[in-house]
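The chain below stands alone and is given in structure tokens; this is the form predicted on its own.
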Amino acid sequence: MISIVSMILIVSGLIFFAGGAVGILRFPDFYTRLHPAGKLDTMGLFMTLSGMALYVLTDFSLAALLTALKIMLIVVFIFITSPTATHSIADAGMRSGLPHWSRDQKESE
């Protein structure tokens, strides 16, 4: 049963990663591409690593519990750093003067 739940989590995480990759390729400018890069990759990573941590716990032992705890600490670290990094990248884009995308801009080109 735990293997099935972990498999569902890992596949769901991969779907989020695929959605993030499509968003990065399809969105029109720098700022909108940051959205799938920040949100979907973080959620994909959370689901994938949660599935891996759950799978490690299938044979319950102290070593498996410590490994699962380390994996979840990685998730916490990514949850703290990913939004901060995305905000910093967007701020750097604003400071360097990158223009925002608009429909009018596309029609004039």
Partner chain sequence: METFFISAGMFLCVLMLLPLYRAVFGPTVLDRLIGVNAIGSKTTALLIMIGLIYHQVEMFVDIALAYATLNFIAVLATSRFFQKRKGLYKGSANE
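Positions refer to the first chain, counted from 1. Predicted model only: the values in this text are computed from it and were never measured.
Omitted here: the form predicted together with its partner chain. The next part is about that form.
- Not one of M1, M43 and F79 comes within 4.5 Å of its partner chain in the model of the complex, counting any heavy atom.
- Using a 4.5 angstroms threshold between heavy atoms, K39 stays clear of its partner chain in the model of the complex.
- Residues T67, K70, I71, L73, I74, F77, I78, T81, T84, A85, S88, I89, D91 of 65-91 are found to place at least one heavy atom within 4.5 Å of its partner chain in the model of the complex.
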